[in-house]
Every structure is written in structure tokens, then in C-alpha cells.
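Quick heads-up: the C-alpha cells below are two forms of one chain, split into structure 1 and structure 2.
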Structure 1
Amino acid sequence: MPDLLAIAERIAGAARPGEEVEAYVSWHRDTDVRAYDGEVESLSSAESAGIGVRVVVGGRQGFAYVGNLDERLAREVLDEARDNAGFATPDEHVGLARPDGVGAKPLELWDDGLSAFPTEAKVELALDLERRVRAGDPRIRQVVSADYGDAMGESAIVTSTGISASSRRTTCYLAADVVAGEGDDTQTGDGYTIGRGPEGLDVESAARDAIERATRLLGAKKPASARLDVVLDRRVTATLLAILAGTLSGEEVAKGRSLFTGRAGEEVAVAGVTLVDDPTNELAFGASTHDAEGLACRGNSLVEGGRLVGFLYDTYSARLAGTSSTASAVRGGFKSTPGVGARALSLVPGELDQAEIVALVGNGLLVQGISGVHSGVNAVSGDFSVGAQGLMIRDGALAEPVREVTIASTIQRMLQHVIAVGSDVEWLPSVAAGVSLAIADLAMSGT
């Protein structure tokens, strides 16, 4: 494969006097296998590579890209980005990142075993997952899908302002989506396992997870409406933290599109809540040595002991807010320009596991899954109203399953009513880690 860093260096080195040039070069390969009814339903492998170029001159930014590593085409893309800059609206905050003196932490994010892992073995993992789910419980009526997937990628970024960085990573996973049934009642569930390479996958764990999540909801009914304490399952907490990630964007805060605008330094949560975004944590699947502008990633505290202490910034949003980048630039690949976002958001864990938190709550609701997040959560007002399913908590233990309920509060109120943060941190294929989280006094709408 071509030297991505060398390609980026040659493009950025062609900057003219008075202009800033950024070259982002990336390569990506992924494989997906789906098993169904004991056979391979689909198998695909795809590879992509490309170059994205930004040019900033006179407060105007131009961008262009090409889905190829041919440097003759790259020169054309550079010219196109220059041309596009001429049509852009001037913005005094536009500009490329500059070295800030923070050194990159060495991270082990690449597994050589994945590149050597044969396709036949990938297929067998997907088939094995399906077999285990089917054999794991007589109530499993259908395995909707049993999937193996992996991805490996490399990227390099060089700017005429002195940035030069490269990174690479691998990931793979197994996931099952199942239907369980008893009589006329059916419920769905899913389970998965994820790792840097095939040695990190646990087929039995993924199968067991899918079976449990489907079967324990059999017989679920709509409960009576009530105000109660809830325990969020780890995956649900990860979804909540992903929502918080958007509200903690420095750009959204500066533009008044966040519930945290004007609240820096305030007590926004109970003292037991500490929230950090740390892409240098190798356990996080969003971990990286550098952000999408080439600055070295570092841990950023956002909430400490309940107090709001910081926001996430890329170069643009930092200039907009009159501060410095937190190396929180993200991008979708060579076809897009950077924006600000979290990579590895997590709550500092407490001392209790989920069973102990359920016992602590005593009576309430364990929320296994939620729906309607995009329409039911407002990042500006903080309104939170989503569909939910799970199990009632009675006398400190899990009781009957429930479905077709709505749980509602505000994000502000939820943060101020945290009862306990679990010790059961689970790093998910998300910008946030999962952890059991108990919150007091939510409204549950049922019958």
C-alpha cells in the first residue's frame, strides 16, 4: 500500500504564500458475513481510499476530495479546493490546526492477527454464533441475523501549518438479532461481542446475551403509570451519554444550541457524577492517537464531582469561543471536513454492580431498551421522553417484564437525581461507554 503520510506531505507542501493547506489521506477495508438458517446469506468485502484537501486563504475555506490515491488526481483536487475557497463566505474563525506541544500517547489499536484471519474462519464464526443461539434456549424461534464484521483502516494528516500525524486501527465483532416466543407472545433481543482482533471475540457471550435479552421480556405487559426510580442498562446509559456528547460540543454551546450554554462552573449533577472524554483509553473503540485535525488526543474532563468544568473543541469552535482546541475534532472520512465531537465518553464508575444497584433501588424499573430518542429528546431544552421496555424492580429484585411504556423527565433533572453509577463499565461500538445508572423520580406512562 502507498505511504499515506508521504502523499499528504507532498500535497500540503504545495501550499502557496498566504494560504493554508491540509491533506487528509485514508485507506479502509472491511468484511461482513451474515449467516441465516445454517447457510451464508451474504458475504462482502470492500476497500476504499481517498484524499481530502482543505485550503484556507483570506478567511475563506475550500474543500475537495477524490476517492483515489493517484497523486495526479490529488493535484487536481488541490486546485479544486483553491477554487472553492474563492466562493466561500469569509469567516474570521476559519483556520487549520497548529502544533500545541502536546505529545501523542502510544496506543495499541492495531491487531496483525485480523489481516491474517482467513475468510473461511470469519464465515465459521458467524455460523457458530447462529448455532449457539438456536441451541441455547427452546424458546428461540428465529435467528433474524448472525453477523461477523471487521474493519481495518489507516489515515494520515499533514498541514502547511506544521501538523504531521498518522494512525491506524482494527476492530471486529459478532452480533446476533433473535426472536423468542411463548404461545402468541414474541420478543426480540440482540447480543454482540467486539474486539481489536478475532482473539478478543467471545462467541458464547454474544449468544447468551441475545438469548437473555429476548427471553426475559416474554410475557411483558403494559404497567400502570407511576413515578418511580429507574436503573438504566449499560447500553441505555451509553445512548444517554451520546446525547450528552452533543450538548457538550463547544460549537453548540457557543451558538446557544445546548442546554449547558452559560452554565460553565455550575453544579449540573450530583457530586457522584464525573464525566470524561478520553480517546487515549485503549479500551475505547473510538480511541485514537490523534484527532481529525492531527492534534494529539488527550483526556478532557467535562463534569467533575457534579460541576461542569469544560466543553469539547476543535480548532474552529475553539476560535469561536476564544479558547484552545481540546483535540476533539472528528470526521467521517476523506469526503468530509472536521467537526467537533466525543470519541470515548465515560462516567467514572462507582462500586456497585447492576444487581447491587437493583437491590439498592428496591422498587422501580430496569430499563433494558429505549426508542424514539431522535424525536423524544431535545438537546436545547433538555426535555427527555422516550419509549422503553424492561423489567420491574420489586423488593430489590427483578420482577415481571414490561413494554409499551414511556419514561420522561429532563436531562437536567436526571443528572441531579442520579442515585448510583455502576462499576460494570462496558466499552461499546459507540462514542460512549455503557455503565448501569440509577436515577430517581422519573415519570412512567403506562395504562
Structure 2
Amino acid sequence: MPDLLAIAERIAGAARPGEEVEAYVSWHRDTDVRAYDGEVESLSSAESAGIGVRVVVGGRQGFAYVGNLDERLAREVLDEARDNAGFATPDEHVGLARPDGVGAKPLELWDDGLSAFPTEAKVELALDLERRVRAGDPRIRQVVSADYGDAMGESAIVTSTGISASSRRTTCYLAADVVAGEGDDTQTGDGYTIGRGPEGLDVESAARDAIERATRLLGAKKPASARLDVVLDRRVTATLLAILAGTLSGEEVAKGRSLFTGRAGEEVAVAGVTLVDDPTNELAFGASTHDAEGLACRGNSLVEGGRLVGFLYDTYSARLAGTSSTASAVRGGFKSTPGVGARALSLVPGELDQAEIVALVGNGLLVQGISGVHSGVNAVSGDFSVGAQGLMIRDGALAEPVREVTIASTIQRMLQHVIAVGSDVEWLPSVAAGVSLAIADLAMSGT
């Protein structure tokens, strides 16, 4: 692996007087195997790397990147970023992060076992997953894909303002997409398992999950429209929390683009809702020692007992709001500049497991999956309308499956109508943890 920190240091070290320079250098190696019908459909393995450079001069920021670690190209990128800075509007709040005295908590995010794990074994895992799904239930008509994937990556950030940080991580997963059928009816489901290394994977649970999700929807009908209470399955709650993260961005709040603008300190949810973003939790998929500007990650309280107590900030939004960074800068890799985001959101769990919550709700809908999130949820207005499938809840127990319905409300209203948070927290490949969540009085649109 190339010495990323050294490359970043050389670029940041080229800052001219009056100029701030940040170099973000990343490298990763990925392997992906797709099994289909007992054979390897595709196997790909590759390294990729790149450099992103930010230059700030006189309150103006410019950025450029190159998908390469070639140092000659890196110098061109620095010149390009410098040139780009000249076109920005001066903004006193623009600037790079500076060391803030918070030490990074050491996290074990790297599994040495992954680099020693042979390709043949990766292929075998994908084939094994496919076999287990096919053999697991006679109603499984097709395993559209059974994938093994892994990634090991490292990134380094160095700035001329004194930041120097690097971090590395490994991840691997197995995932299956399946089609179940019975008569003319077809339903789909997916299951996965994820770990830092191959030891953390549970093939059987991924297979079972995919089978159960597909088969339990067989026979699903479109029900009549109704207002009802819902229980969100763990994965659905994680999706909802990820949306909520966008509304808690200090930048969106400061710029008047969040439904929480001007509401700090207010009771925005029922008392049972406490929400934190803590990337120093090693269990979280998004756990990280440093944020995307090189500050040490830390836990941040956002909602406490229903009261809105904090927002997430990177360096720019913190200056805009007159506060300090919560080390919540995230970036999509070397090709983009940092922005505000959550890494490890979770609701503080309650006392009841999913079956107990279903019993508590009595009558309603267990939502197994939602669709159309990017088109049907508006994080500015709070309007919420998504496609849903799941199982009706009748007399405190799961009943018939339903499909082709939408559930709708507003984010504001949903937070005020939380009935219960489950005890079943599960860290998912997301910026948020899953947990069962019961919410009262949504509009279900069907026939």
C-alpha cells in the first residue's frame, strides 16, 4: 500500500503564504464475486486511488481531484484548485479545520484476516450462499444474485493548518436477492450479512433472511385505504433515521433548508425519543476515528427525551452558526469536498422486542420494506410518502401480507406520534442503526 500520509504531506506542504491547502488521499482494494446458478457469473478485483485538493485563499475555496496517485498529476491538481478558488465568492466562514484538542479514540476497524483470505474462499462463500437460499425453501424460484464483496481502504488528510490524520478500515459482506413464487404470485426479498472480516459473516442468517422476506409476502394483496398505526421493521427505521440526519445538518438548518430551522430546544418528538450520532461506537458500520476534515470523531446528542438539543456541524457550518465543529464532516471520497453528515445514528432502545411491540400496537401494519424514498420524502418540507409492503397486524399478531400501498404523514408528525422504540438494535450497512419503531396514525393508501 502506498504511503498516503506522505503524499498528502507533500501536497499540503506546498501551500503558499496566505493560502490554506488540504490534501485528501485515498486508496482502496475491492473484490466482488457474483454467483448465479451454481457458477461464478462475475469476479472483479481492483485497486483504485485518488487525490482531492482544497485550496482556501481570502475566504474563497477551490477544489480539484484526480483519480490517480501520480505526484506530477497531484501538482497539476493543486494548481487547478488554486485557480478555481479565484472564482468563488469570498465568505468569511470558509476555511479548513484546525486541530481542536480532541484526541481520537482508537478503534479496531481493520481485520488482517481479510488480506489473507484467498479468492477461492470468497467464491465459495458466494456459491454457498446461493446454494443455501435455493435449498432453503421450495418456493424460492430464483436467486437473482448472490454476492460476496469486500473492501480494504485507507485515507489520509493533511492540511497546512495543522491537521494530519489517517485511518483505515476493512469491510466484507454477503448479500442475496431472491424471487419467491407460488402459483401466479411472485415476491422478492433480500438478505445480507456484514463484517469487518470474513469471520464476521453469517451465511446462514443472510440466506434465512432473504428467504423469509420473500416468502412471507406471498399472497400479498392491495388493501383498502385506511389510517392506521405502523411498526417499522429495523431496516426501515434505519432508512428513516438516515433521512432525519439530513434535517439535522447544521448547514441545512443555518441556511433555512431544514424543517428544524429555528426549533433548537423545542420538544420535537415524544419523550421516548433520544437520538445520538456516535461514530466512536465500534459496532457501527460507519464508525470512524476521524471525520472527513481530519478532526477526531466524537459522540453527539441530537434529540434528548424528545427535545432537540443539537445539530451536526463541519468546520464551515459551525462557523456559519457561530459554534464549533462536531467533527461531522463526511465526503463521498476524493472526488468531492466535505459536507455535513451523520455516521452512526441510533435511537436509544426501549424495553420491548418486535413481537411485543406488535402486540402493543394491536391493529396496524408491520412495514417490512419501503420504496421511493428519494422521490417521496422531502427533508425540507417534511412531507413523507413512500411505497410499502409488509404484514397486517390484527389482534396483536402478524396477519396477511399487503403490497402496492403507500404510507404517508410528515416527519414532524411522525416524531410526535412515536408509540414505542424497540429493544432490538441492529447495526446495518447504513449511517444509522436499525430498531423496531411503532408510530401512530399514518395514512395508508391502497384501493
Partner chain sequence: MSASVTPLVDQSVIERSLAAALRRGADFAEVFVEDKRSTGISLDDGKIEELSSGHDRGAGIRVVVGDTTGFAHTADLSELGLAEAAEAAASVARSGGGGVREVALSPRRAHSPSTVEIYPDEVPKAVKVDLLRQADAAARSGHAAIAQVSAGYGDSRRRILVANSDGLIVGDDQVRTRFSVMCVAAGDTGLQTGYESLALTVGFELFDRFSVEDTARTAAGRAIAKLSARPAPSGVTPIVIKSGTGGILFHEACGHGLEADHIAKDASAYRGKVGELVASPLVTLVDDGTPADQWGSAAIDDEGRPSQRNVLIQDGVLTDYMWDHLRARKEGRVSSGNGRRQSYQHLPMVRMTNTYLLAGKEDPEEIVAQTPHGVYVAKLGGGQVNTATGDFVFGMTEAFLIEDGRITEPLRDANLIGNGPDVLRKIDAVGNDFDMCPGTCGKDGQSVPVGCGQATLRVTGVTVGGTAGA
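Between two forms, the rigid core is the largest collection of C-alphas that superpose within 1.5 Å. Source: prediction; values computed, not measured. Just so we're on the same page, residue numbers count up from 1 along structure 1's sequence.
Taken from the form predicted together with the partner chain is structure 2; the remaining one is not. Val179 is not among the residues whose C-alpha shifts by 2 Å or more between the two structures once the rigid core is aligned; its shift stays under 2 Å. With a cut-off of 2 Å and the rigid core superposed, Ile243 has a Cα displacement that falls short of the cut-off between the two structures.
Relative to the superposed core, Ala359 undergoes a C-alpha shift smaller than 2 Å between the two structures.
Note on Ala88: its Cα is shifted 2.5 Å between the two structures, core used for superposition.
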